[in-house]
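Taking the form predicted alone, here's one chain by itself in structure tokens.
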Amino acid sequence: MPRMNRRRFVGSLMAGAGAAATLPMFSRSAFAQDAARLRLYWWGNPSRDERTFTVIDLFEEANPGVQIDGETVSWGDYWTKLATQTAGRNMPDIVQMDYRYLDEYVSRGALHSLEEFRGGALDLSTYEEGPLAGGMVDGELYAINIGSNTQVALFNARIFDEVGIAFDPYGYTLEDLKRIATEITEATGGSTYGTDDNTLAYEAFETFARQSQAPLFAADGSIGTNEEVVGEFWEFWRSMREAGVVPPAEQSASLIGSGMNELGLITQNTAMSYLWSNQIVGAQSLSSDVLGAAMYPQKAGGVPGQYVKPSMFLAMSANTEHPEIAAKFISDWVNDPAMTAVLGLERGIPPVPEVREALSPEFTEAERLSVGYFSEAQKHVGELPPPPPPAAGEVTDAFVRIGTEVLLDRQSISDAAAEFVGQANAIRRRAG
């Protein structure tokens, strides 16, 4: 992407950021005399990529002699490429990290501890303690949460209003969801199904398992769920298919790994889709109708299943040749008013109160929805689980692969549930 385009983009973002953009720009850095080249790697989308390249430009302007090379791919390709780079000792200096993989990369020795930079290059003086804890492994800080997040069921507010759907978005049950989906499907003559089919949605299963007090991963990293819970989850979504209130199985299976623009909610094939709260703004930008936000449905009699999660982190490679500069970049990312004005809420709710306050006067309606939903949802969530253990990604892949057999009715639920739990245990034992 040409730098001229990025300069133009920052001008439009800063103009739209209002009060936040009027705050002082950061001062010239102590690194001004150092010639250094670092790599920054993230998964994203066009909007995120533009914002990220812009903050790179801002950092470079404040730090003459420092060059940050940006590298970005889609989520589906990100972890394969990062694993390959890490194995080849070619990991980028600064990487976007997910909570699911944090423990795994720490255990590999791939990440540089950030403890030595606290109070120096890494300013955490106004950073909230809760979000900070998510980046710690065994009591040591390895990653900085750049936005807090929780699961969300987004719905088409126009369709819900036209059909006359009444429900508590923070306390409805799975049976309520079936009722809602039935009313919408019938009222629209089947042109819009009530909800996406979550048979393959790992996050939906994770929430359900926690509600069942049988989380997928126990505190010690072993498999904590069981065949009964897995089977119960898949049985519910089979009942939704049998009722005809979710899309046909083949259609749902074809969406594995697809982008946000192909969600049923965006194409108006369904009235509800399931995402993370930091994706509300992006989803609204793709939707021709106003969206509403609800928590995931509750299992009757279950405990809270959702949790507030770091939407993503910035972490530093253990092999970086410029750790002080990398730490300063991460620090400016979460603190500097010029950079945070560009970043906005796209990666989640900022964990620095002064940043949120500076951004709030210029929030769009979608951003207000995101912050309002997040603020209320926090009152109804459970505790943050420990970071997923090594090979958690393989367990997720097994869930989707075996779940596809259930979705397409090629394997019984009881057999599939037993196979998944067996494979999940084997994966974890192999990973150690």
Partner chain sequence: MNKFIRRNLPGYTFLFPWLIGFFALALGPILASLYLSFTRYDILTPPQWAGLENYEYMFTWDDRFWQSMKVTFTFVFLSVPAKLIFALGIAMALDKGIRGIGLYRAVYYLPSILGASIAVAILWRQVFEANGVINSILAIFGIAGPHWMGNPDYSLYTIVTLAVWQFGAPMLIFLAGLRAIPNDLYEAAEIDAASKTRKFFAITLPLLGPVIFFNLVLQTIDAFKIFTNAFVISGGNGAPADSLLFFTIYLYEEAFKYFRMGYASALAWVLLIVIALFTAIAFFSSRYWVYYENERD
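Since the model is a prediction, treat every value here as computed from it, not as a measurement. Residue numbers count along the first chain shown, from 1. Whichever C-alpha set is largest while still superposing within 1.5 Å between the two forms counts as the rigid core.
In what follows, reference is made to the form predicted together with its partner chain, a form of this protein that is not presented.
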If we test each of Glu367, Asp57, Glu50, Glu394 for a heavy atom within 4.5 Å of its partner chain in the predicted bound form, the one that passes is Glu394
Residue (of Ser360, Ser254, Gln213, Asn226) lying close to its partner chain in the predicted bound form, criterion heavy atoms within 4.5 Å:
Ser254
Taking its partner chain as it sits in the predicted bound form, is Ser113 near enough to touch it, meaning that at least one heavy atom pair lies within 4.5 angstroms?
no
With a 4.5 Å heavy atom cut-off, would you call Ala218 a contact of its partner chain in the predicted bound form?
no
Indicate whether its partner chain has at least one heavy atom within 4.5 Å of a heavy atom of Trp79 in the predicted bound form.
yes
Contact label in the predicted bound form: Trp234 to its partner chain, heavy atom within 4.5 Å:
no
Proximity to its partner chain in the predicted bound form (heavy atom, within 4.5 Å), stretch among 381-389, 395-403, 367-375, 61-69
395-403
Mind checking whether each of Ala83, Tyr105 and Leu408 has a heavy atom within 4.5 Å of its partner chain in the predicted bound form?
yes
Taking the rigid core as the reference frame, tell me whether Gly88 has a CA displacement of 2 angstroms or more between this form and the one not shown.
yes
Core-aligned, does Gln279 move its Cα 2 Å or more between this form and the one not shown?
no
